[in-house]
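Just the one chain here, laid out as structure tokens, in the form predicted alone.
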């Protein structure tokens, strides 16, 4: 393995299907045809089927668990409880506080208590009903305010506060000519990935286990599973199976440990696949947020201070609540210059469903809060909502709330101007007669346009890219070049999870650009190669892409060395050119196939971004983030003000991506982010009452369909960074961040209502 410092960025040349080209996805045709094997499609001879016994209680003590009746059923091969977990019965990304199988207490409705293996799925489900669990119900704590107050029961040793982030900068509450306050809420959103949790675990001859699963981070799964199974990590081997969407919901373990336990107990391959309803309780969700804001500004609308008090409901277990609270606090004032900040962000335990990572990771919730405040400030000062943002926008060299200077591009003002200058969609016919499918209510035909008002709203946003706060983040890649038949073939091997974002395409593009080899094979991601980190935080193209590029640099160096020997010339002056190495000095050349005839060239590289530091625990100040990404949105909505129905007519988005490695893929991320933003703004919410999910299905949990999607206008800026591969900036999360805020602002403009909560429901607009 070679560990090298980031190379100086060479000029990017245009290579067929290389960096900057619209290269096709290698898995695209198979997915369109339905031939692609997702994790839930995996099968194996003699496999058993797993099923999970879940708590019906929100909070209860487990008195007894009786498994004899289930175990006696024909076809049942194992019934396992907490006592059967051979290692540590706890897992977790940041704090290992969540049981593999509940041992003494259940803390949310649906928590796993036992798992069953049977010869067929029907028998497994019937056996689940035969497991007798006696519970002693305990008081449920479902209000995060009470959880924070200390009046409720402590749900974990140490109390109910997961994290309190304080950020203080400048003189507190400086005098202001204009003061605006507001209280805002964001509901619990689900990742709504289409492929449910699933995996196939196979017992291995060495006593270990081979696990094929859909996940976002193979090595962190391996680390947790090894501890739970009491196995050394090298005997817990993971291979990425086809992932049907992720969006953060696959960062935590779900089926993995249970399937491994069943495989090791039965000695047979064990398959587990959640149903849709089970999936809603089987993964974490976006944190619901309650926010109180106070903005002070001068008479021209220039910010003097921002106070923010943010409360995040983390649910029953910590998951990534610590980091989500960090992000929500760090970005609580948005992409604005503010001399004085006073921010308190807290995440708490409750008996609600666990919350964790989701696209936008804390920055989405606060964006709705601070952008609502900016609209309120504009109204108080009497200026345009875009103008108040322009007067306060950060730029390169500006200081964020945490005291960190922005070193890279920060084109907030330009992004705003770009979306503002885009043409607006046509107005509704003044005399009525509009296509009813394009009106609020759609084909329900609740209006013919007579009660419909149009509104336009804006939002801008900022988020960190990559891991933060001193985390030692890195990616690993192995690149091998050899000859197959008469063709030169390069292979790329990483543990980076392709979750639909297009990483398999990008990796091949980088190899083609660096080595000028058209034929590239991206091998399945597994733990046989070094850690690639998580496919989240908009980081994989930066990190694993950087590692692939560095491995290519090392491979190229080895090839040039061989060519220098073959040509009897110094390496200086040799270069790759269309499958040959050419000497600019003598004009000689040698075919790569000749250089590779005896032995392939194989190099592994580790890529690290620049170091960061933790925030100061008292002031929240520090150089905590690798980089920032920015986006701007403009939303146009039509609202039936009598019925409270909303149609999002159009969303425009301008985003700086540094370098578009694959432009169609960037556009795809922007379309997808807007779709999730539309959902959060007007329809998507997990309804939780007394700790129980009321709508665990796609019948009752509504996500935008093609009929709900607005038209979009996209504008991609490419302002290259100096510290990333090819100058790129992570693109996955920014298209979502300020879309809900812009849609809410447009609804305000249409209705004149305050809109303090998303998703915006008809009741909220008519009550």
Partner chain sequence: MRVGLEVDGKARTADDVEVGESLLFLLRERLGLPGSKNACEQGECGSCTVYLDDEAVCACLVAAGQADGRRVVTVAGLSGDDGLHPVQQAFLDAGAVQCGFCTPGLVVAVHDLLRRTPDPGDAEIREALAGNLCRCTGYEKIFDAVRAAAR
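Residue numbers count along the first chain shown, from 1. Quick caveat: nothing in here was measured; it's all calculated off a predicted structure.
The protein also exists as the form predicted in complex with its partner chain; that form is not presented, and the subsequent description refers to it.
Only one segment in the set 710-718, 726-734, 50-58, 65-73 has any non-hydrogen atom within 4.5 angstroms of its partner chain in the model of the complex, and it is 710-718. In the model of the complex, its partner chain stays beyond 4.5 Å of every heavy atom belonging to residue 524.
Under a 4.5 angstroms non-hydrogen atom cutoff, its partner chain in the model of the complex lacks residue 583 among its neighbouring residues.
In the model of the complex, its partner chain sits within 4.5 Å of a heavy atom belonging to residue 669. Looking at residue 305, you'd find every heavy atom of it more than 4.5 angstroms from its partner chain in the model of the complex. Taking a 4.5 Å heavy atom cutoff to its partner chain in the model of the complex, the contact residue among 664, 469, 451, 573 is 664. Between the options 402, 222, 676, 254, the residue in contact with its partner chain in the model of the complex by a heavy atom within 4.5 angstroms is 676. For the candidate spot formed by 190, 276 and 706, every residue has a non-hydrogen atom within 4.5 angstroms of its partner chain in the model of the complex. Residues of 608-638 that come within 4.5 Å of its partner chain in the model of the complex, judged by any heavy atom, do not exist; none qualify.
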